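Subsequent text provides structure tokens for two forms of one protein chain, presented individually as structure 1 and structure 2.
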Structure 1
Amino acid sequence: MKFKTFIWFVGPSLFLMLLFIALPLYAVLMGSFQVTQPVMQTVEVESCSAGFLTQSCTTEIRTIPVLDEETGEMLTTTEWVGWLSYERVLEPQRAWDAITSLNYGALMQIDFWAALRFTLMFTFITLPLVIGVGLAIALAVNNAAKSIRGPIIFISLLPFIITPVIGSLSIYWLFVGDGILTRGIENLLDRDIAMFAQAWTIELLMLFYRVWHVAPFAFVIFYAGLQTVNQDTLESAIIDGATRWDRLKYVIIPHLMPLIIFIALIHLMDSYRVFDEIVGFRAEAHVISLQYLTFDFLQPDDAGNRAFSRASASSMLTMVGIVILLIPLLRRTWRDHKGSSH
């Protein structure tokens, strides 16, 4: 392909990526090193009480924002603060003191480290479950009779079709205090059940929901990959006396390994940004994720201010975490690509 043709082919994509990805990312990066604050001024205010003959007046000093004389909007100033926002998010000295004193509870009192603990736990537990359940469903459908494959595929895809927030709310309503399943478990065990009173039960429900919701995606990919398995190799393995497990271990899984890496890449990026479950299960009082921490920084405080700089720093730290998680898989993919090219 000529270079000019190549540029015309990829130029629009590069321009859109620069406009909608690179520039916003640069703005977030710069925002993490800057703090924008309202310009304040100190004024003397005199307040007098109503009186018929005499009035009692008091004078106090107040700090109020400076307003633009023409627009009436609050004036702000932006200051370069370097790594200050990252230090406020990470709280390194407080975290180091907790680590050196082996005080796990004190470490979890810092929002970032508590969010990182839940995010990593959520990511690494759901990853093998999504791959395993998706592969199991794909194998079951592939070995089922052709007449029932269509209905099974349709039913298997239903959880993936449901909007994440609606799906998590549905699970929440099933297990809330007067939910159907909660009432059934209470009648079965003859005791009161409060699924949303402890953090570990909420985390368990969120793990279940994520696997239930994402496993159909893995199933579709694996089912498509199973259609490309070399049947001659499988028949040769059967003739050689290979069991069903041996065929799965030595023929099918190596064949599907590129798809397993692909699903792992997608799932790592998606689950590390877990947010819908926190909102759907209303779990922010017990557990938060890194993505929710960024959202929380953007919520206005009592004075109406938003911590944009800390939100930007939290976003950049989340992105760095995703890159670190993806490095081993990307290195393996690059190594396999180089090996296959020789």
Structure 2
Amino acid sequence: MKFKTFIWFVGPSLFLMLLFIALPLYAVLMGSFQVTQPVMQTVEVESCSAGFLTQSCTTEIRTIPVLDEETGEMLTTTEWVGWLSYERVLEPQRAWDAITSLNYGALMQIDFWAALRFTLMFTFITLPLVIGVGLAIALAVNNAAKSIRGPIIFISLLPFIITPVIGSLSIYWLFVGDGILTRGIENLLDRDIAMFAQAWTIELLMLFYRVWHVAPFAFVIFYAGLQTVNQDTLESAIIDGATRWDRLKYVIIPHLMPLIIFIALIHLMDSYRVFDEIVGFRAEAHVISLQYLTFDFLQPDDAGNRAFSRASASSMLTMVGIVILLIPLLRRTWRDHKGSSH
């Protein structure tokens, strides 16, 4: 292809990628190095508030923002603060003290590290489970009689169709308080159960929910892959006396390897951004994730304050985290890609 034609071909996408991906990223990056704050003044204010029968008035010293005389807008200053916002999110000194004194509890008191711990644990536990369960369902469906395959595929796909937040809310309602499933388990075990009273049960539910939700996606991909397995190879393996396990290990899995890597890539990216479960399960008292941390910084309080700089820093850190996780897989894909092109 001529260079000119090529540019005309990819130009629009390049432009849109710059506009919608590179530019916002750049803005967030810059935002994480700056702090914008209102100019404050201290004044003595008499304020009167409603009581039930009489008004109550108090005089107090208040720090309030200065408003521009002409436009009526808040005066603000923007300052370049370097790594300050990152330090406020990471709290390196406190974290280092906790690590050197081997105090795990103290480290987990820092929001970022607690969020990182959960996010990584969540990512690495769900990854093999999603791939394993997805593959198992695909193999089972592949071996099922043709006549019932359709309905089985339909039913196994259902969890994937549910909107994540709604799914996690349903699980929450099934288990919270005297939820129907909690009641059931209580009857079976004859003891009182509170699933949302401690962190580990909540985390267990989250892991279960995520695997339940994503495994069908892996299943569909693997099922499609299974249709392309070379039947001659499989048959000759049977003649050579290969067991079911041997065939899986030496024929099917190597054949599906590119798909496994694809699923791993997608799943790593998705689960590192775990968020719906935290909101759906109202888990913020017990566990938070990196994405939730960013959300929490951005959420305005009643006085309208938002921590924009820390939110930018925390989302940059999340992005860096995803990139680090993906590097090994991307390198492998790159190698395979180069290998096949020769």
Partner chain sequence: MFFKRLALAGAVSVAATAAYADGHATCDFENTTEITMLSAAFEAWVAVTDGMAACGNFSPELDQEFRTKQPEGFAADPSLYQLGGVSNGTITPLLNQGTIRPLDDLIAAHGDQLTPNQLIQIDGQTMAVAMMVNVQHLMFREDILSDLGIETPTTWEEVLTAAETIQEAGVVDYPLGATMKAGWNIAQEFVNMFGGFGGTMVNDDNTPGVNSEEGLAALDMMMRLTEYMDPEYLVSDSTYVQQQFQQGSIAMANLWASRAGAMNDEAESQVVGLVATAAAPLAMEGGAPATTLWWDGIVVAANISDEEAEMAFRTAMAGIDSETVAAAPDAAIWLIEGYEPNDMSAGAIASATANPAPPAYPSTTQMGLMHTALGNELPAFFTGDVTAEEALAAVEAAYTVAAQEAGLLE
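Given the structure is predicted, the values throughout are model-derived calculations rather than measurements. Take the two forms, superpose them, and find the largest set of C-alpha atoms that agree within 1.5 Å; that set is the rigid core. Quick note, the numbers are simply positions in structure 1, starting from 1.
Student: Which number, 1 or 2, marks the form predicted together with the partner chain?
Tutor: Structure 2, which is the form predicted together with the partner chain, differs in this respect from structure 1.
Student: With a threshold of 2 Å on the C-alpha, tell me if A285 counts as moved between the two structures once the core is superposed.
Tutor: For A285, whose C-alpha is compared between the two structures after core superposition, the shift is less than 2 Å.
Student: So that I can tell if T63 moves, could you say whether its C-alpha shifts by at least 2 Å between the two structures after the core superposition?
Tutor: After core superposition, the displacement of the T63 C-alpha between the two structures reaches the 2 Å mark, so yes.
Student: Under a superposition restricted to the rigid core, does M30 display a Cα displacement of 2 angstroms or more between the two structures?
Tutor: No, the C-alpha position differs by under 2 Å between the two structures.
Student: Rigid core superposed, I'd like the Cα shift of E44 between the two structures in Å.
Tutor: Looking at the C-alpha of E44 between the two structures, the offset is 5.3 Å.
Student: With the core fitted, just quote the Cα shift at A303 between the two structures, in angstrom to one decimal.
Tutor: Residue shift at the C-alpha: 3.8 Å.
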